[in-house]
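The form predicted alone is given below as one chain in structure tokens.
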């Protein structure tokens, strides 16, 4: 059996095993464990798509929270019934056609991704006219603009009141199905000629342009794909927590994604997956530091937000001592496991 057939077979076996694990958790797992697994899958989708532009292309993009917000609001407005919209929009009525339209969950997710992609295309022209810190500032500003608009556009987003009572459509099959599709498609893209061109732009844009690579075209492709999957993940997130507001889509969300891809390894899809899984698990494991702890002789009061302080310290330690993260730019593959020569 050649390597390609073996890898396809092993991929199939891996997907079957993943399906079996998800089935067992969906049948016998507690709501708490299912919630962690859903968060893990959504974080994987966000981290892998974010790593495409930051790690593979080498562009410091600080506005993924904007695309998550656009996808979340679009999907939420499309899945809500006209009656639910009337109950939510009590100060100012929802504008047409959102007030009358209702769509299935899958179509709403795709619409959220498409809407995020449209916004990404519109801002790509000013964004890619600059590089480095200036590009980071432009994308950061875009994220803040979207957050402010979510607060101000009462007739579209319901302003600070947000949207409540969304149907909990997101389950293990939806979240992990999207995560698997995201990983497979982005991995195929990275391993294609387009991915090689993106890595060349990351390593030396001037040399890549001299070799005939069009930086704008390849960066635009990565930017649009990243925005699409971020929008889809936003729709999944909205229908997992069943309530959204502008405060959910601050730079805090972008900071979390930065932690995932930096700790996992910039430029590694495997690292992004590992970073997202560790972040989802660690976020729950570290809840203990925000709760009062009785040590016998004295009690330490809970400190809200201490989890993020610990995550920040971990990020600084990684940047200082393990700059390449867990995986660096390496990928975990079947060939890496089975084809290594014993020493």
Partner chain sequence: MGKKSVWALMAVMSLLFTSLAIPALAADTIKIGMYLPLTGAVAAYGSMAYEGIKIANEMEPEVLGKKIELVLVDTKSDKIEAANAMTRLLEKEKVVAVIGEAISGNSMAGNPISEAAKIPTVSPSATNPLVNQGKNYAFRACFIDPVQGEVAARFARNELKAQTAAVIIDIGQDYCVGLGNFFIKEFVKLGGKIVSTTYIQTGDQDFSAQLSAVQAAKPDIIYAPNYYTEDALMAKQARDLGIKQPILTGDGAQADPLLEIGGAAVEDMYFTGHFHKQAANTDRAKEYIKRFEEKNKKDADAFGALGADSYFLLVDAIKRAGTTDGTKVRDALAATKDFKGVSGTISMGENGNPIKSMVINKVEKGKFIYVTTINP
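Positions refer to the first chain, counted from 1. Superpose the two forms; the largest set of C-alphas matching within 1.5 Å is the rigid core. For clarity, every value in this text was computed on a predicted model and none was experimentally measured.
If you look for the form predicted together with its partner chain, you will not find it shown, but the lines that follow are about it.
- In the predicted bound form, its partner chain sits beyond 4.5 Å of every heavy atom of residue 22.
- By the criterion of a heavy atom within 4.5 Å, residue 245 is counted among the residues contacting its partner chain in the predicted bound form.
- Contact annotation for residue 312: none of its heavy atoms lies within 4.5 Å of its partner chain in the predicted bound form.
- In the predicted bound form, none of the heavy atoms of residue 131 sits within 4.5 Å of a heavy atom of its partner chain.
- The stretch that touches its partner chain in the predicted bound form, counting heavy atoms within 4.5 Å, is 83-91, out of 83-91, 189-197, 209-217, 175-183.
- Residues of 36-71 lying near its partner chain in the predicted bound form, listed in sequence order, are 39, 43, the criterion being any heavy atom within 4.5 Å.
- The Cα position of residue 311 differs by 2 Å or more between the shown form and the other one after fitting on the rigid core.
- After superposition on the rigid core, the Cα atom of residue 287 is displaced by 2 Å or more between the shown form and the other one.
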